[in-house]
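Take a look at this single chain, the form predicted alone, given in structure tokens.
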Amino acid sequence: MFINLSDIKKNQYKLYFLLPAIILVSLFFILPIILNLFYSFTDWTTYKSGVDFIGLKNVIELSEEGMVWKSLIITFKYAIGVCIIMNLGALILALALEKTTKISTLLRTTLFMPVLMSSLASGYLFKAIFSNKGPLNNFLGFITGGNISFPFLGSVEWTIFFVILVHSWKYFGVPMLIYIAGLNLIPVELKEAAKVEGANPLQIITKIKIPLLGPAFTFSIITSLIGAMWSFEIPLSMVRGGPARTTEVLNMYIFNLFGSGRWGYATSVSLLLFLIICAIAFPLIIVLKKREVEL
């Protein structure tokens, strides 16, 4: 058996090309995760110079603190709302812009532009739009002929809904393009055969297009759900968790903990969020993948 020296050299060159990516991923992703895991079990704080290992003390304190679970429930509501609104809106627009024309290309580009905007800039923009004397209230007052001052960002019941809308508007361009790509992969012959059999446009959408978008649904639902659970910039810039902490998602609660100097406890809460996302995402991927096969 002979060893091919040229293959060894090729593999060495591949390793050299991969080395920068490996270093960056290790430095900025793997190492922070390891450090986060370690500091979750310490008393790391701004009020003392040393860092001591305290075992499960942070976990016990976390389980007893009601605000953590309140923020977690808000995070679930936020993520589910974003996932539904974003994917539903993206699917409707994808079906409307499925055919590639000059107009549809222009509209696709325009609708994707919010994705490229800064999340903080988007939040501050809509904070101004939704303010009591902002453009939206002025427009409603002009339409109704009265003086409208609806507290879009001051309502305990409704503020989180408007924040969800802004998040969905900001990112729905990504699933829209994914659904358009999935629709374009459906064979034209299949749709033509359905038309010959007498299927109307609605039946073609519900019986052919949507079932065959299984892989696109899997990717878009998972990414939008995870992205919403990690959300931070838009709730921060729009309402900073208010009013009365009704929009304080878990990442914002972690942010406030870091600001108060409770770094070890904050890392334990972030670890909790990471584990919850994994516990939701992986089973959901399995279920959606199984659904793809069934369809």
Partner chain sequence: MKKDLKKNVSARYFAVGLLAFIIILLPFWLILINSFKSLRESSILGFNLPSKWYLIENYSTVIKKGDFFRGFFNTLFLTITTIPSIVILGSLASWIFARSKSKIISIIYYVTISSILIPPAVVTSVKVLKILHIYGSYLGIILFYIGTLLSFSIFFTTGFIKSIPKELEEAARIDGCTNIQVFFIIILPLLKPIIVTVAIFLTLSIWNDFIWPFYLLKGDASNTLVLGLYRFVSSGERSINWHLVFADLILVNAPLFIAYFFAQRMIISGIMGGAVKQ
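This structure is a prediction, so every number in the text was calculated from the model and none was measured. Basically, rigid core = biggest C-alpha set you can superpose within 1.5 Å across the two forms. Residue numbers count along the first chain shown, from 1.
A second form of this protein, the form predicted in complex with the partner chain, is not displayed here; the remarks below concern that form.
**Request:** With the partner chain left out of view, choose which of F150, F76, F112, W158 has a non-hydrogen atom within 4.5 angstroms of it in the predicted complex.
**Result:** By the 4.5 Å heavy-atom cutoff, the listed residue in contact is F112.
**Item:** The single option of L202, A193, L185, I143 touching the partner chain in the predicted complex, heavy atom within 4.5 Å
**Value:** Of the candidates L202, A193, L185, I143, L185 is the one lying within 4.5 Å of the partner chain in the predicted complex.
**Prompt:** Does the partner chain get within 4.5 angstroms of any non-hydrogen atom of L31 in the predicted complex?
**Reply:** Because a heavy atom of L31 falls inside 4.5 Å of the partner chain in the predicted complex, the answer is yes.
**Asked** Does the 4.5 Å heavy atom contact test between V68 and the partner chain in the predicted complex come out positive?
**Response** Outside the cut-off, so no.
**Message:** When the contact criterion is heavy atoms within 4.5 Å, does G198 count as touching the partner chain in the predicted complex?
**Reply:** Outside the cut-off, so no.
**Asked** According to a 4.5 angstroms non-hydrogen atom cut-off, is L72 in contact with the partner chain in the predicted complex?
**Response** The answer is no: L72 has no heavy atom within 4.5 Å of the partner chain.
**Request:** Heavy atoms within 4.5 Å of the partner chain in the predicted complex is the criterion; list the residues of 88-111 that meet it.
**Result:** The stretch touches the partner through L93, L95, A96, L97, K99, T101, I103, S104, L107, R108, T109, T110, L111.
**Prompt:** Any chance the CA of Y47 moves 2 angstroms or more between this form and the one not shown, core superposed?
**Reply:** Not so; Y47 is displaced by less than 2 Å.
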